[in-house]
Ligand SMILES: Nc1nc2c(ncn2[C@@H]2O[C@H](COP(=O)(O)OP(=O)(O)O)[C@@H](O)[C@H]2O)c(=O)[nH]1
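Single chain ahead, written as structure tokens, the form predicted on its own.
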């Protein structure tokens, strides 16, 4: 009789024999996920050739033989658009790759020479199969919904409604203010109000720079666009005192309809993502765009801090015994990266790193207490500027950046000082920081992309698997 192994046991054996890693890449809006993944694949493809990867140990030791893309195992998930990204970066003028709007994957096979004694007994050459999973960080912000009921969620959303957020949500707030939750639901009315609520989330993110927006799928609905599961919204001015009164309402009431859709969203959208994708990752990198939040002011910066704290709480980290990991694997190594380091001058990079560590101080403490390896970086997946100096006051050299803005203007500028710790009131009053968005530097498709510290991040995430 043939022995059939459980699927997760097969997965473990495959990881053991072939050295397989599932690396998940996420980040909130504008953090640079697509650029990071495009650069990661490009760097590994050019490892040992023209890529500058001195901080990646197996490259420095001359042990990387090469990397190539191979067919991904899950044919139902879109393939990460690497070729399209390279085409955009090498166009004239160069442009940033289009952001991905859902889950995508790409599989790499990395061949290298092992330096471990056990591998030498089997043969000097070894192989690491690297599965790269790209998913929106906004989806992670929905995971806490699994612990909330509809009324609790309404209260949470009301707590977030600052004056500035109210400005972006005004059309929705005006329309929902006259709604009677006890009346029978009208499908068209709910669809229109849900569209207004989704519009307020888009404005808060795209115009205001806010990152803590729920539900995340309202921003990236994909195949769920127009479905009733995305046609709900929070009702204002509700509290726990209303619970008993609303519990007795009929199923066709507005409140009960919204409550049912909220629960359906948790059960059919949020839950399956956590069960089918999120819990299968081995390693994780979280990309953070701190600079844009600094530009936007204290309200948005505080919102980023809340979003990151919520996002980090969603992870399931830690080491377990071999038997437990057979059936419930968890992320065993984490990188946190402040992106777009090329948009500030080099002497500001340590300050940028200190700032992202301060933003995530509490989650990092919890991770280290759980003995989870975690490390923060400041990096630029694709370097768009050059560091220069110009004559300043008293004949001192002033560091500046040379680059081309998104409007096509060549500039030489000093963006300002990045705060080393969480900004205080004095920082926001003087606001000496101005973040400028640059277009990519000219690039030839056959060459390695320029970067800042991608090799350090790769060494942290993969170096122990390439020994």
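Note that the rigid core is defined as the largest set of C-alphas that superpose within 1.5 Å between two forms. Positions refer to the first chain, counted from 1. Since this is a predicted model, take the numbers as computed values, not measurements.
Same protein, other form: the form predicted together with this ligand, not shown, and the subject of what follows.
Engineer: So this ligand isn't shown here. In the model of the complex, which residue out of 68, 398, 406, 421 has a non-hydrogen atom within 4.5 Å of it?
Structural biologist: Exactly one residue meets the criterion: 406.
Engineer: Can you pick the one in 308, 154, 382, 293 that has a heavy atom within 4.5 Å of this ligand in the model of the complex?
Structural biologist: By the 4.5 Å criterion, the partner-contacting residue is 382.
Engineer: Could you tell me which of 56-64, 26-34, 411-419, 43-51 sits within 4.5 Å of this ligand in the model of the complex, going by non-hydrogen atoms?
Structural biologist: Among the candidates, contact is made by 26-34.
Engineer: State yes or no: in the model of the complex, is some non-hydrogen atom of residue 342 no more than 4.5 angstroms from a non-hydrogen atom of this ligand?
Structural biologist: Heavy-atom contact with this ligand at 4.5 Å: present for residue 342.
Engineer: When the contact criterion is heavy atoms within 4.5 Å, does residue 354 count as touching this ligand in the model of the complex?
Structural biologist: Flag for residue 354 set to no.
Engineer: Looking at the partner-bound form in the model of the complex, is residue 96 within 4.5 Å of this ligand by any heavy atom?
Structural biologist: Yes, contact at 4.5 Å.
Engineer: Can you check whether residue 100 is within 4.5 Å of this ligand in the model of the complex, heavy atom basis?
Structural biologist: Output for residue 100 is yes: heavy atoms within 4.5 Å of this ligand.
Engineer: Taking the rigid core as the frame, does residue 135 move its C-alpha by 2 Å or more between this form and the one not shown?
Structural biologist: Yes; residue 135 is a residue whose C-alpha shifts (by 2 Å or more) between this form and the one not shown when the cores are overlaid.
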